[in-house]
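Next up is one chain by itself, shown in structure tokens, the form predicted on its own.
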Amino acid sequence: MSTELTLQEFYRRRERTVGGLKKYGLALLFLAPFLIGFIVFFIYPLFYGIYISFTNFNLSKPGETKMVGFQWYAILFNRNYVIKGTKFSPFFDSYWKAFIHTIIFVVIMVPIAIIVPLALAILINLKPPGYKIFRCLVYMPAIVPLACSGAIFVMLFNPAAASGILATLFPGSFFDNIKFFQDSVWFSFKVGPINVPIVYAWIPIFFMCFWGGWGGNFIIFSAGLENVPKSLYEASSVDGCNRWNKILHVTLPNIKGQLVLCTFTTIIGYMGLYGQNYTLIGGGPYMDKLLISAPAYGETSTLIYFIQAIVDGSNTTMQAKFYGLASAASIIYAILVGILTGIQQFLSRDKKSGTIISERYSKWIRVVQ
């Protein structure tokens, strides 16, 4: 009798296993290419980068790798840190200057990159005459390659002597008097021991990012607006809402998902600013000669620019490739992006209303009656 029960249990387990394979096997088969790529190109590099940030890893001498603890992190957070008689304060100053540049640019650029495409999408969603043409024109800059965009904005903001279009069209104006791609300081300020001059080169960088970046958000907002129920607009019109109240109380709540998505991708995109300042001015101008031994010491450098300059050994008299320092800066960058996106997700989360809605409804009923 006991043997019969054991066989029954065996067959039950076998049926569960076969059933599970039939049920989930096909899904795992289709997910396998993504999972393999995710593990090979994300998970493994992530943990290997963390490991490198604690070592003296050198690509040309991989067999001599040794653990150095938090040495590279100390360089980024301690201005007076010394390694074998070498003071790394230029690296500290260069890193935090790039950090400040990045944060200022994100704070200014992200709201504009959300509000302007949203306003354009709302206007075009009204479907005025020729709206399809305007929709194409708004999105068109997004398909222009970065190098071509850089060439366009260099020609726009060059001085008149270099056939700059804006300086030639408006002689004696702001565009003619400012040397955007040279040592022209707009204003400056100090953060602790670090002097941060803001140069006029940030203006063409800003307009290039704005011009080339609004198309993606515009398309997402346009798609979201198409799905807002028209009955809600009709009901709000019956209740006497004006156009602004319709946008505030009908449109925005119904495209909350698109707003969260665009804010998330825009923050990540501009935190990784690199191509625009590299294409326009190569991270320069290079004004602070005290930082010449540090990577990415230019006045338009950013966090990604700093990391890239360490890896390729450019923009520094040392011509050394500190892979551990680059890894440490990358890990800090990833943590910063995670914190910012976490704050954004927390602020945009769906909040539980509790009894607020029922209380407001009861109050409304009493007023009506």
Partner chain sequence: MDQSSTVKLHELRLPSRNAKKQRTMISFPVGKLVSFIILTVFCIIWISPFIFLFTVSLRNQTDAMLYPKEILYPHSGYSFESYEIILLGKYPETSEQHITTGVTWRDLVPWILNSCGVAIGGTIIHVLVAAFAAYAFTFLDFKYRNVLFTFLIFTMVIPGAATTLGNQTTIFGLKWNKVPLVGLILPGIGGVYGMYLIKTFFSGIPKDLIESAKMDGYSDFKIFFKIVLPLGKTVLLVQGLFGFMGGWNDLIWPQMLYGADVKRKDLWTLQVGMAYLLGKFRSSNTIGVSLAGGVICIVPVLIVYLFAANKIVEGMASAGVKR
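Numbering follows the first chain given and starts at 1. For clarity, every value in this text was computed on a predicted model and none was experimentally measured. Here, rigid core means the biggest group of C-alpha atoms that superpose within 1.5 Å across both forms.
We do not show the form predicted in complex with its partner chain, though everything after this point is about it.
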Margin query: Whether residue 326 contacts its partner chain in the model of the complex should be assessed with a 4.5 Å heavy atom distance threshold; does it?
Written below: yes
Notebook entry, point to check: Any chance residue 134 has a heavy atom within 4.5 Å of its partner chain in the model of the complex?
Noted result: yes
Margin query: Since only the chain is shown here, I'm wondering whether residue 204 would be in contact with its partner chain in the model of the complex (any heavy atom pair within 4.5 Å).
Written below: no
Next item on the list: May I ask you to check whether residue 247 falls inside a 4.5 Å heavy atom distance of its partner chain in the model of the complex?
Entry: no
Checklist line | Heavy atom within 4.5 Å of its partner chain in the model of the complex - the one residue of 109, 198, 156, 228 that qualifies | finding: 156
Notebook entry, point to check: Of 74, 271, 138, 259, which residue is found within 4.5 angstroms of its partner chain in the model of the complex when only non-hydrogen atoms are counted?
Noted result: 138
Checklist line | Three-residue site 237, 280 and 308 fully in contact with its partner chain in the model of the complex at 4.5 Å by heavy atom | finding: yes
Notebook entry, point to check: Picking from 188-196, 95-103, 115-123, 292-300, which part of the chain touches its partner chain in the model of the complex when contact means heavy atoms within 4.5 Å?
Noted result: 115-123
Check: What residues, if any, in 147-182 have a non-hydrogen atom within 4.5 angstroms of its partner chain in the model of the complex?
Finding: 147, 148, 150, 151, 152, 154, 155, 156, 158, 161, 162, 163, 165, 168, 169, 171
Margin query: Superposing on the rigid core, is the Cα displacement of residue 340 between this form and the one not shown 2 Å or more?
Written below: yes
